[in-house]
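In the block that follows, a single chain appears as structure tokens, in the form predicted on its own.
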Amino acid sequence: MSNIQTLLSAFDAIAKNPKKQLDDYISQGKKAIGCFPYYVPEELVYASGMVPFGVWGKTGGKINLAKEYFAAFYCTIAQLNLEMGLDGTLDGLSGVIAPSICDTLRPFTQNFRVACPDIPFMFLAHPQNRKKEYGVKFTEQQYNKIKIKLEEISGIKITNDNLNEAIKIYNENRKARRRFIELAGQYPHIITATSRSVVLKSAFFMLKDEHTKMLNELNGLIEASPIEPWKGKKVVTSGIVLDSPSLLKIFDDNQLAIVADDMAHESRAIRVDVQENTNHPMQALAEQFGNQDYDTLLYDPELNKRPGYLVEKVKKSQADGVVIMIMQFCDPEEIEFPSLKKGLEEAGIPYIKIGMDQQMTNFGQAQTSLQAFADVLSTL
């Protein structure tokens, strides 16, 4: 157990202090590229010899300078990303890639471009019709534009060989993270909601081969441990981000184990691997995005399949209920909630909705709600 705790502590240190991790890479002579949420093709950054560095706002952060660019009713992830650009937190980056996958991110990208002119900016437009041939071609064209800019910044040409190598490394990391998520559900007495979060969050701030090496070691140690009966309840989480230590502690205090998730910040973007060892790796990257599905922000021509997907995830993980985290002022999540509610109710699955934003530090209301939810699950 001590070896498991040592590794968890190492992941925790990285997740809690990404600035130190960034500074360490820079001190090694590496350049880093900020990757804003989400579906950024990090393999291109890795293949250019630079470090892909996740920028997902700042839990518990304060918004001051960014208020000049956004109305108050704006997603705090976007506001805090800009805040970090304005207050110098992102100065160590050699560039940023910002997608425009939702109505919030589209104006955010242009605000960031204007507000932070000293940080090289790469705009990434994803197509809504991502599965059709023309959608794949559009995505590939967008990725090629990013590729050219990355080559300018790094001074290294991105070849098919080093891109294929990057794809292999990223597939290995996706596999390791998916396995960890499964193990966390099987060993809730070892992997708490808090430790689960830091392991997954740390991946955004590490070179993926380094993260995979540590994670495979952790997975092996967990697998070698005996499975013990869980005395609490098991839940699936759904939403964009759930990484607040204070909020996660409430899960742990009430013995609510997170056995699976549908979080953008955790499992959504690692569901689908990229085809390896192809003569057209850029097309393979574009096809991977086309193969993504069951996401609040992705167009679904077959109407909304997400309720059924979430229900199946609950059944597969043998969870007792669902905790839906709604980001304040996120229109897609608010619009989608009634369909999730209907699907869960028809399946007889208990659920709770909790509103949050990244500026929150007081979770008294969430504590009351989660405690009551745990009590309800215990009576079923």
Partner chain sequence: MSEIFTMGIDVGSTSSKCIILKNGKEIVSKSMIPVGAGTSGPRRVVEAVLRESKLSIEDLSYILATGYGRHMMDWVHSEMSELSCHAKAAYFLYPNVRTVIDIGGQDAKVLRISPQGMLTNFAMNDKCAAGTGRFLDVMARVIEVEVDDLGVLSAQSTNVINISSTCTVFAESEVISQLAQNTHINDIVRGIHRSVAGRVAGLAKRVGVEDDVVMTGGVAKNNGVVVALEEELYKKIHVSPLAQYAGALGAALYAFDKRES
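As the structure is a prediction and not an experimental result, all values here were calculated from the model. Positions refer to the first chain, counted from 1.
Although not depicted, the form predicted together with its partner chain is the subject of the following passage.
Stretch-level contact check against its partner chain in the predicted complex with heavy atoms at 4.5 Å: of 351-359, 34-42, 49-57, 62-70, the positive one is 351-359. Remark: Q328 counts among the residues lining its partner chain in the predicted complex, judged by a heavy atom distance of 4.5 Å or less. The shortest heavy atom separation between I4 and its partner chain in the predicted complex exceeds 4.5 Å. Proximity of E345 to its partner chain in the predicted complex: non-hydrogen atoms within 4.5 Å are present. For the chain shown alone, Q367 is a contact residue for its partner chain in the predicted complex, at least one non-hydrogen atom being within 4.5 angstroms.
The candidate spot formed by K341, D375 and T379 lies fully in contact with its partner chain in the predicted complex, as each residue has a heavy atom within 4.5 Å of it.
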